[in-house]
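So this first bit is one chain, no partners, the form predicted alone, shown in structure tokens.
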Amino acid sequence: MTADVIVLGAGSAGLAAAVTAAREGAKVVVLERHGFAGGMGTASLVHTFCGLYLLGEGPPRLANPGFPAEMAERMLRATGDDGPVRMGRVWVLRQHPVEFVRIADELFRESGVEVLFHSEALRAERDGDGWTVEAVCRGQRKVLKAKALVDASGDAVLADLLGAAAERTESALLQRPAYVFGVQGVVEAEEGLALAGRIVDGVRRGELPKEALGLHFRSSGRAGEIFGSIDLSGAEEGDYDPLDAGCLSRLEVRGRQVASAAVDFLKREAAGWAAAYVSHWPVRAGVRESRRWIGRHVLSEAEVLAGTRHADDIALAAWPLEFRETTRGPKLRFPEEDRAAGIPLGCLMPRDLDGVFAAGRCLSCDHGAQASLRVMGTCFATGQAAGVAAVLAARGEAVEGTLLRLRELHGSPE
């Protein structure tokens, strides 16, 4: 199988990269390990788009034009919501994972992207002036060739396969994983501080595991359906390693244990919860941070906090640094005067490779900057840029033209 561009991963960044590249006339193949696109927003049930809107006072303003704005519009039509909602100092757009899957299917079909679901990259290597990728699906291997690659795997999988420069933050500082699950049967229920207090009391009495302290619930926007969210330590036995199968397996089991215990407890103790039940589990726990590429520019925490702009910015980072290094909830650090920092093209370009691009939460940045860049709204924007850059590389054109082409297509970010 041959293509102009192969995209690894169909999460927010991979979806944006693939659709953008196909709209530019490229033949695009996507490898996705699950049976649907959306990544954290579908498989992990993360039900808000963060990073779509600029920080600061006043009405919501989209940070990045093009694909991020299109996704916001399509999701609003799908959910029937009036618009984004203010949560403290930030704007978020509620999204439903079921609608996200449907929208992604539509985008792939409309743009002509070929998607290979249930497929993962097993090997990748240079092949003349292009690349060969070997993929596997249920033991069956397929060889694909392309002129350019986009790594939107979230875990910098291609960096590992190619032996390229990548880095990981030490286990103790990695952002803790999220576990989100669906609940139905809750009617006119106790909520807010009253519910939080009841959960704290349950932990103190030994009827709930300590991980339940960070549990919170939010309406899905559909009648009778809510989502519960827990931050887990990821290190029930030993250090947290989001790339290790044993660690990930323990994480999934622990998430289900905590969620089940919490719902059973609330059925006994809380008003309106008597008929509640867990209606669906995530396909996988939400890993927030793992391995990152080392690119030609490594965006730093200091740059994000200063709202630094660069001559070759391809997107803006419009989310505070959201640290979840413990299970005690987020710690937010906002940039100076709420200025959105620029994300330069060099963050998408591996330090020592041509024709390969990174997008999403595994692009080139440090641990602090990644706490801002990893959200889905920003992933849409970096994926869009990676898609354009990959097409230019596939055509043998200078990838430095990415910024100009983005401006021709969508104008400049705010």
Partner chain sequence: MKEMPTAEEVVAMLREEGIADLEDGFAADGNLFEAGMDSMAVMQLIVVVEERFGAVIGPEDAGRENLETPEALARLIGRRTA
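Residue numbers count along the first chain shown, from 1. Here the structure is a predicted model, which is why all the values come from computation and not from measurement.
Although not depicted, the form predicted together with its partner chain is the subject of the following passage.
*Asks:* May I ask you to choose, among Gly80, Gly206, Gly192, Gly163, the residue with a heavy atom within 4.5 Å of its partner chain in the predicted complex?
*Replies:* Exactly one residue meets the criterion: Gly192.
*Asks:* Which of Leu215, Val180, Val92, Met75 has a heavy atom within 4.5 Å of its partner chain in the predicted complex?
*Replies:* Checked against the cut-off, the match is Leu215.
*Asks:* Given that the partner is absent here, does Lys331 sit within 4.5 Å of its partner chain in the predicted complex, heavy atoms only?
*Replies:* Heavy-atom contact with its partner chain at 4.5 Å: present for Lys331.
*Asks:* Check Ala274 for me: does it contact its partner chain in the predicted complex (non-hydrogen atoms, 4.5 angstroms)?
*Replies:* Because no heavy atom of Ala274 falls inside 4.5 Å of its partner chain in the predicted complex, the answer is no.
*Asks:* Spell out, yes or no, whether the shortest heavy atom distance between Ile294 and its partner chain in the predicted complex is within 4.5 Å.
*Replies:* Heavy-atom contact with its partner chain at 4.5 Å: absent for Ile294.
*Asks:* Can you tell me whether Val200 touches its partner chain? I mean in the predicted complex, with a 4.5 angstroms heavy atom cut-off.
*Replies:* Close contact exists here: in the predicted complex, Val200 approaches its partner chain to within 4.5 Å, heavy atoms only.
*Asks:* Work out which of the listed stretches, 105 to 113, 320 to 328, 163 to 171, 256 to 264, brings a heavy atom within 4.5 angstroms of its partner chain in the predicted complex.
*Replies:* Of the options given, it is 320 to 328.
*Asks:* Taking its partner chain in the predicted complex, which residues along 378 to 403 bring a heavy atom to within 4.5 Å of it?
*Replies:* Nothing in the stretch sits within 4.5 Å of the partner.
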